[in-house]
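This document opens with one chain alone, in structure tokens, the form predicted alone.
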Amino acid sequence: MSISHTRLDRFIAEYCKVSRRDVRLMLAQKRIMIDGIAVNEIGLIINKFSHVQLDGKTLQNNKAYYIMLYKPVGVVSATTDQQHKTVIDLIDLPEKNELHIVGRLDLNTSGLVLLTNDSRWSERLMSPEHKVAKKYRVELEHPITQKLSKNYIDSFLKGMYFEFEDITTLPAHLKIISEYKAEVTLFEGKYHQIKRMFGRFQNPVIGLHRFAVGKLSLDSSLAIGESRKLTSEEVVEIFK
């Protein structure tokens, strides 16, 4: 039995097939432990990753996974696909089918993809309220001339109106590296956003690579298609 979040007494009652009154007695007798600590609070809220024990027997002990993957071009950001290899196919982890993707990349975009089974963490990363930065390297078909560079930068910073969704994008930061290369920092993730923004200048994007999310950069030691678990420090520091 696994839950996202619920009251402890409800969880115990359903798991053990007993009444809430029975659970209250268990709590009073300090027979229930959460994360190694005896508890007696009836309305205590637990989550999917709370370690729950009754009389020394483990009832729930789910582990949270946080994965960094170097996604190749040609691999889809999906859990299943009939035509293409998916990012899940690249993960070497027995529990990989429990994972979900945090911020998808297009088929022809490479770079940092995050996966987890912790919905609270992924929701916080993707929440517009937290404005977690996503950084991309862009290769363009046509040069950004010195004459037009300010127009590009100002337009990205001002935000662009997308008629189809009836929205204006949040301010985005554009750093011009050379005539054909740039870095873009987004604080949201609209459909084909970067390609559509450069499309306003009739300048097709021919290469797109995400190299950072928040304070977390793609590990330079990872080869294309490889992945690794995040450290506990990385899981927290990504938001700073």
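Start at 1 and count along the sequence shown; that's the residue number. Computed from a prediction, not measured in an experiment: that's the story for all the values here.
As for the form predicted together with a small molecule, it is not shown, yet the points below apply to it.
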query: Every residue of 91, 113 and 228 near the small molecule in the model of the complex, heavy atom within 4.5 Å; finding: no
query: Sole residue of 81, 98, 141, 106 within 4.5 Å of the small molecule in the model of the complex, by heavy atom; finding: 106
query: The small molecule: the contacting residue among 181, 215, 192, 173 in the model of the complex [heavy atom, 4.5 Å]; finding: 192
query: Residue contact check: residue 67 to the small molecule in the model of the complex, 4.5 Å heavy atom; finding: no
query: Exercise: residue 136 in contact with the small molecule in the model of the complex, heavy atom 4.5 Å; finding: yes
query: Partner proximity in the model of the complex: residue 39 to the small molecule, non-hydrogen atom cutoff 4.5 Å; finding: no
query: Close approach of residue 33 to the small molecule in the model of the complex, 4.5 Å, heavy atom; finding: no
query: Heavy atom contact within 4.5 Å of the small molecule in the model of the complex, the stretch among 23-31, 194-202, 39-47, 54-62; finding: 194-202
